[in-house]
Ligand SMILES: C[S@@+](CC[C@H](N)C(=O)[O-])C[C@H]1O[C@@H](n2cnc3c(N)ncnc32)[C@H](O)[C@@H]1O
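Given as C-alpha cells, the chain that follows is alone and in the form predicted alone.
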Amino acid sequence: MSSDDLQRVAAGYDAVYAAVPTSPTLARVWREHALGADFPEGFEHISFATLAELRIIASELRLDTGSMFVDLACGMGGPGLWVARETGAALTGIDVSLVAVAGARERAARLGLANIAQFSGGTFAQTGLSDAAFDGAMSVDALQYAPDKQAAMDEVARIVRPGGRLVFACFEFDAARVAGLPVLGTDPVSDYRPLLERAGFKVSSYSETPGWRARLTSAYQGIADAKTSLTAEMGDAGCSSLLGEVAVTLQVQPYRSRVLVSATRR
C-alpha cells in the first residue's frame, strides 16, 4: 500500500471515528446485533468482540499488574482498556487514525485509566515501539486490513519479548471473492498460522468464533436499514465511509471465517 493509499484509509477511519460519538443509532444497532446486552458500558467499540471473547483474550494474554501490553489497531480504545482494567497491566494502544487515538485518550481519562494507558499513531508494520518491550499484544477485528500481514506479524514479534503472548480476533478471507478489490484484495489471507510460525510464534489455539456470520450480517444490515438516521447523526463523510464497508461486505461476502487466535513468542 502506497503512502497515498494509507492516507486515504486513515482519512476514512478518521471520518468514522469522528462521527461515532454523535450517533445514538449506531450505538443502538451495534449493541443489539454485534456486542450484546451484557457488554460493559463505557467500553463499547465498532468491532465484533463480545464480552465472552474479551474474557478469553484477557485470560490468554496472561497479564497482571506490572505487565505491559499493546493493542494494535486499538480504535477508540474500548477492548484494550477493558483488558487493562481487568488485569492491571499497562496498555499502549496504536492506531492509524489519529482521531481514534485522541478519542481513546479521552476515554481512558473518563474511565480513570489514564495512569495505565497511553495511545499513539502507528500501523501494524510500523508501531514505533521498542524491541521486546512488551509482555503481550492483542488486536480485535483489524488484522485482515493490514496491507502486508507477514510484515505485521514480524513487527509484533519484534516488540513482544520471548515467552510473551499474541492474542487476536480477525477475519480470514475468501481470496477468490476479494481479488482486485481495494484494501481487501491487497493481501488476502485464509490462514494466519503459517505467518505466525514464520514470524517466530508458536500457535497454541486457533478456532472459529461461534455465530460470527449471523452477527456480522445482522449488524451490517441494521446499519444499511438505518441509513437515513445515520446520515443525519454522523454527517455525509462519516456515514459514507461506514456504509461503503457495509455495502461491500454484504454484497461480496469476503470472509470465509472469523478466528480467535493465541500464540507465544519463541
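Position 1 is the first residue in the sequence shown; the rest follow in order. Computed from a predicted structure; not experimentally measured.
Here the subject shifts to the form predicted together with the named molecule, a form of this protein not shown in this document.
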Run the contact test on Ile46, Cys74 and Thr123 with a 4.5 Å heavy atom cut-off to the named molecule in the predicted bound form and return yes or no. yes
Select, from the options 187-195, 157-165, 75-83, 110-118, the stretch whose residues sit within 4.5 angstroms of the named molecule in the predicted bound form by heavy atom distance. 75-83
Is Leu243 a contact residue for the named molecule in the predicted bound form, using a 4.5 Å heavy atom cut-off? no
Heavy atom to heavy atom, is Val9 within 4.5 Å of the named molecule in the predicted bound form? yes
Going by a heavy atom distance of 4.5 Å, is Val96 a contact of the named molecule in the predicted bound form? yes
Even though the named molecule is not shown here, does Ala142 get within 4.5 Å of it in the predicted bound form, heavy atoms only? yes
Give, in sequence order, every residue of 48-68 that has a heavy atom within 4.5 Å of the named molecule in the predicted bound form, or say none if there are no such residues. none
